[in-house]
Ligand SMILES: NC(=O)c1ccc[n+]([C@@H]2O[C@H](COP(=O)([O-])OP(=O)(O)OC[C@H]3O[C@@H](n4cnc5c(N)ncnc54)[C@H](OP(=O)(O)O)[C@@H]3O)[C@@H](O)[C@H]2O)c1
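Just one chain follows, in the form predicted on its own, and it is written as structure tokens.
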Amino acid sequence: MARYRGTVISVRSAEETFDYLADFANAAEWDPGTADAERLDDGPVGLGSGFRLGVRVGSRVVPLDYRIVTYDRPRRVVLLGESDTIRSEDTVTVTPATDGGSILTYDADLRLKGRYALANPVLRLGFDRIGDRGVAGLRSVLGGPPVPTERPQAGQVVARTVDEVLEASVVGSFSSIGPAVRSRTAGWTPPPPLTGKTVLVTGATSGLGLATASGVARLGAQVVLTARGHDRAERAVDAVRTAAPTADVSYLLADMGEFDQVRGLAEEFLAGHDRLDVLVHNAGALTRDRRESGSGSELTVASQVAGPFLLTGLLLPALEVAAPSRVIQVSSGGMYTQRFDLASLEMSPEVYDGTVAYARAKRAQLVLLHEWVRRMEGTGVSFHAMHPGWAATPGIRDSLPGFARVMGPLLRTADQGADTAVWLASSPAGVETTGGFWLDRRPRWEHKVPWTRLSEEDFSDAGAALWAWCAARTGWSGPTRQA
């Protein structure tokens, strides 16, 4: 089986976008892999409508008949194409955008049948390229913003090669060398403006959170930052206003590990804002000693897994109003060392290790992120995580003083660490994709060693189990999985 998922921002209304995609006779206009397309029946397009596409397979054109098996205008249409050798299921989901346009998500599932099924693993290798060409065609036809190319083709090859060498070295990738080299070889450009957008950043009183808040403020966003105390919050607001003198900056108070306070934060935000364009989860620290939140949960897990889960859920109405919107989780390289295991997520006092607890929480964040993607498909809310690299922040100096001392000259600045979070908050990539794990403006693998990886089925089950775990502890269960 090969699967491709892409997102396009359309300037057309949800109804217009839906009608265009539901009529598969239009496929040859936007899909380079379709040589020709025709309608097989008459009347309005709807449930049961049939189409015949001439699909390019190498030098040949192979006929493939499709019919509409789900038709929910203007939200969702599913077309099933089937022959003796191929089965293709194409799901189109459309969400209205606040500017009068819409967000289109195209999910294609292709598999070979019969004796050709053995070639399915090979099919996956080229399917992403086919999908990218189709999505590029949709962007052109529907008038969405072009994906910026920061380097000509030859330059892209060099940039990709340099990037992969840095990534393989780990130190070169995670240290200040990474952004210094990548920004030049990839030709980084300033992120797009965020004028008129509202961004909430948790844990924004210092380090990466403060750098992220300052970065989006410089892009013109209205910034709401969170903190645990008034004094630090006011100092952070002053720092953001120094970085962006005309910025609209305010703060709300809450400890992300205390669920009653998280509920109060969400209630206060919604009372003053009808939309939220970007939610950045940055709050959370590595603590040496085991502590418990007021709910009785281990504090690292409460503040970095359950608390962000609850806040995201409570703010969904504002995120959906602002669609296309984004939720960004600040992760850590420590998660590469851990395999997800719900049973050992909360460490007991007898075996507690703050570094391991922190790494396990960061791994859990990624498991939960993919569960959000499954449950929020078609809503226009995208979810991403980003790894800031090794940055010289107060958190690193306090929790890992030995590491900070040894790596000191090579540590990133807070601005370098926060760059990808700021870029994801404003770049088209932040809404044209979802479920990504990013470092230095590129998606990355979530595993560096094979023993941390779960099978596809186990990973899906882990997401559902972690969701239920968070729901039981916070009292918020949220949306069910998409069918």
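So that there is no doubt, residue numbering starts at 1 and follows the sequence shown. Only a predicted model underlies this, so the values are computations on that prediction, with no experimental measurement involved.
The same protein also exists as the form predicted together with the named molecule; that form is not shown, yet it is the one meant from here on.
Trainee: Which is the contacting stretch out of 357 to 365, 244 to 252, 375 to 383, 70 to 78, given heavy atoms within 4.5 Å of the named molecule in the predicted complex?
Mentor: Among the candidates, contact is made by 357 to 365.
Trainee: For the three residues Arg228, Ser331 and Ala391, which mark the spot I'm curious about, does each lie within 4.5 Å of the named molecule in the predicted complex through at least one heavy atom?
Mentor: Verified in the predicted complex; spot residues all in contact, yes.
Trainee: Between the options Ile103, Leu316, Val199, Met256, which residue brings a heavy atom to within 4.5 Å of the named molecule in the predicted complex?
Mentor: So the residue touching the named molecule in the predicted complex, by this definition, is Met256.
Trainee: Counting any non-hydrogen atom inside 4.5 Å, which residue from Ser214, Thr93, Ser173, Asn282 sits next to the named molecule in the predicted complex?
Mentor: By the 4.5 Å criterion, the partner-contacting residue is Asn282.
Trainee: At the 4.5 Å heavy atom threshold, is Val135 in contact with the named molecule in the predicted complex?
Mentor: Because no heavy atom of Val135 falls inside 4.5 Å of the named molecule in the predicted complex, the answer is no.
Trainee: Does the 4.5 Å heavy atom contact test between Gly220 and the named molecule in the predicted complex come out positive?
Mentor: Heavy-atom contact with the named molecule at 4.5 Å: absent for Gly220.
Trainee: Answer yes if any heavy atom of Arg111 is within 4.5 Å of a heavy atom of the named molecule in the predicted complex; otherwise answer no.
Mentor: Result no; Arg111 lies far from the named molecule in the predicted complex.
Trainee: Can any non-hydrogen atom of Val305 be found within 4.5 angstroms of the named molecule in the predicted complex?
Mentor: Because no heavy atom of Val305 falls inside 4.5 Å of the named molecule in the predicted complex, the answer is no.
Trainee: Does anything in 209 to 234 come within 4.5 Å of the named molecule in the predicted complex by heavy atoms, and if so which residues, in order?
Mentor: Gly209, Arg228, Arg232 sit within 4.5 Å of the partner.
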